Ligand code: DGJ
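Okay, here we've got a single chain as structure tokens, the form predicted alone, with questions on binding and movement later.
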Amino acid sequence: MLINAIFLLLFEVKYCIMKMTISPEASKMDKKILIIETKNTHYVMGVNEKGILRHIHWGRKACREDYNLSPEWERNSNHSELDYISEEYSPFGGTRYRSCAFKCEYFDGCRDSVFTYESDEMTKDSLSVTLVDKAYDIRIVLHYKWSDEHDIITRSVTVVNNSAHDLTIEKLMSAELSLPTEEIYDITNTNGSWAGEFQLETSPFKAGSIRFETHRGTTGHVNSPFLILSKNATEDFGDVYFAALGWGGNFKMEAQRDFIGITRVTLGLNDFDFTKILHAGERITTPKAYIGYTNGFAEMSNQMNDFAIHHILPKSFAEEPLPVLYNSWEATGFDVNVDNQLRLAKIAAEIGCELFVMDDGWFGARKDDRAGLGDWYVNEEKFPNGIDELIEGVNKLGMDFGLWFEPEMVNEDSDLYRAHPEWVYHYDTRKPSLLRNQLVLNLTIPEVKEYCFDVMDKMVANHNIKYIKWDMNRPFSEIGAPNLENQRDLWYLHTLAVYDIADKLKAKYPYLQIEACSSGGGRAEYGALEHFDMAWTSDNTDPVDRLEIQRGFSMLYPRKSMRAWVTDWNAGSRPTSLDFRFNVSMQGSLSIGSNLLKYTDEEIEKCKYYIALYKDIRELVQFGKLYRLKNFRNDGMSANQYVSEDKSRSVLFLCSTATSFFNRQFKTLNLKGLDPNARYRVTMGDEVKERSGDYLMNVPLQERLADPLSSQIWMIEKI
């Protein structure tokens, strides 16, 4: 046994040495090195002697002249060199036995792909690399875009069919990532549910494969279309690699750690029930993937917050603070009419709200969730003088007006469904499944897509509507689309239709803000946020639950896009003070959803106080730096600090746990992000202190939150 082992080892060493012998021609080819330089990082790839585009480095900057390709060899006949190397974008084919980024079938039935380097084009902030399968005249173009201000690279892929035949794509990822070193990374995603979105889960990724995905037609509430891989990382330190996908439909994030410890990640369109047929001369471009490397989680979150504001969110409102919103849903439900809405609007204006949104119940025969969806005309019984009576009343109070739609859905009990039952996804041999008593409209039918646009277009054109809350309250089922040549294309085409409708509305009405909602956080991701101005993060507005939901959202998504409501949720079973509820909701885009008709004079005055305070600090919250000092799950309290770009102002939100033991009453805090050489005035309720920035950041501050579910807001201002 020992002799055999030594023999095999010697054979492998000899074999490796043979493979490492590189010809002069190959050495020249090694010098085809492509370097992307961001603010603090390098992303490097190179072309080997066989024309394969290899990944070389992603991380901290190094000497540019030193980058080169490492030798290649096969371990043995069961571990090929294609398995061993890190490719920049791996097609299915040859002797690759790991997960791939691209898979297709050519017109003659061949499913083996051979893509080699053809050309590249680099500018100061972009790179395109073209790979070609010469036998079939198919090209894959890898796109990279970056800026000097961030360490984030935007990636996408275009497949071009230059042949005279159809190409059937079976898997199409937006990016493939190779992480450096064979060390074990911690992998973070979410494991949530309806009313429990963005529940972060982290575990060491030691071997095998792991995937996070959805088959629902939207991103859903369980896994998120992002992935964070870290080594010994905290909020402040440690290697953090991350990727977020800009896609609101079926997605797939897959990580694999191979036999020598290389961790690879692919992310993009889910290949579940998916094919895309590219006819001769056609092309397809994937959703965008945003990737980055930072030192610590806080830097990751703050870079993505800033990057999203300047490069992802719709330009019309990206750099403007979002208004304080009142939504009447929890006060009136479906029972909306002019009188009760105006009574609520009067109080909402009095406490300082800037936007009044009427939710479900205003249209068709809508008295509950069993009828009316699809019939987007004003209910004359509820609004006998038309909806303008309400809108004008709201405008006279000094507020803009917004309206709820669920354009992708229809009830069987509706005029639309009775006229066009064929407009829903269906199979003739199957009974359609109802969820929330509704069905999904087939937006891949041009007439259906146009109808969905028209109903919102007419309402905005004919009435002074400044805001649309776009909801979607169920996933797909019975996914027949007989109008399509390739029915497995519906998942992709439906999502594109949603984005196109939103883009057309915003182009026609530049003043219109649109909120993405899908039973809460089912569409709270960068696909929606490229076309919508904000997202509804969860139907759960319980402030204690919301702290963890908002922490998960804040990891990679912009805080200004997170609508956060103050409501009466759970006030009976787990009472929380109005102060606590405002404390939590002021950490996003503050909104009010309470039944203001039941509020006491004291509560109304408290609402006025907190909304005025929020208006004073909302630029801090929506555009400043966020430092998560403590969190409920690990520390028994929540402490989030927001700091202005110039470090002149900061606000700290503190929340205690639901139970309080003596040894958990006392917590120490070190503030972050301040100017160490400046002095600050720290206002903690009635107590005011003056301290230097370096003192506040380096000397632990002891705070006692003795009462269960108590909260504080500290204001820190440079003197």
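No experiment lies behind these values; they were computed from the predicted model shown. Throughout, we count residues from 1 along the sequence that is shown.
Another form exists, predicted together with the named molecule; not displayed. Remarks below refer to it.
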Should Gly520 be classed as touching the named molecule in the predicted complex when contacts are defined as heavy atoms within 4.5 Å? yes
Taking the named molecule as it sits in the predicted complex, is Lys469 in contact with it (heavy atom to heavy atom, 4.5 Å or less)? yes
Report whether the minimum heavy atom distance between Ser163 and the named molecule in the predicted complex is within 4.5 Å. no
Partner contact for Asn473 in the predicted complex: the named molecule, 4.5 angstroms, heavy atom: yes
Residue stretch of 336-344, 307-315, 420-428, 532-540 approaching the named molecule in the predicted complex, non-hydrogen atom distance within 4.5 Å: 532-540
Exactly one residue in Phe102, Trp404, Tyr492, Tyr627 has a non-hydrogen atom within 4.5 Å of the named molecule in the predicted complex; which is it? Trp404
The one option of Trp146, Tyr290, Phe297, Trp329 with any heavy atom within 4.5 Å of the named molecule in the predicted complex is Trp329
Could you run down 339-365 and flag each residue that has a heavy atom within 4.5 Å of the named molecule in the predicted complex? Asp359, Asp360
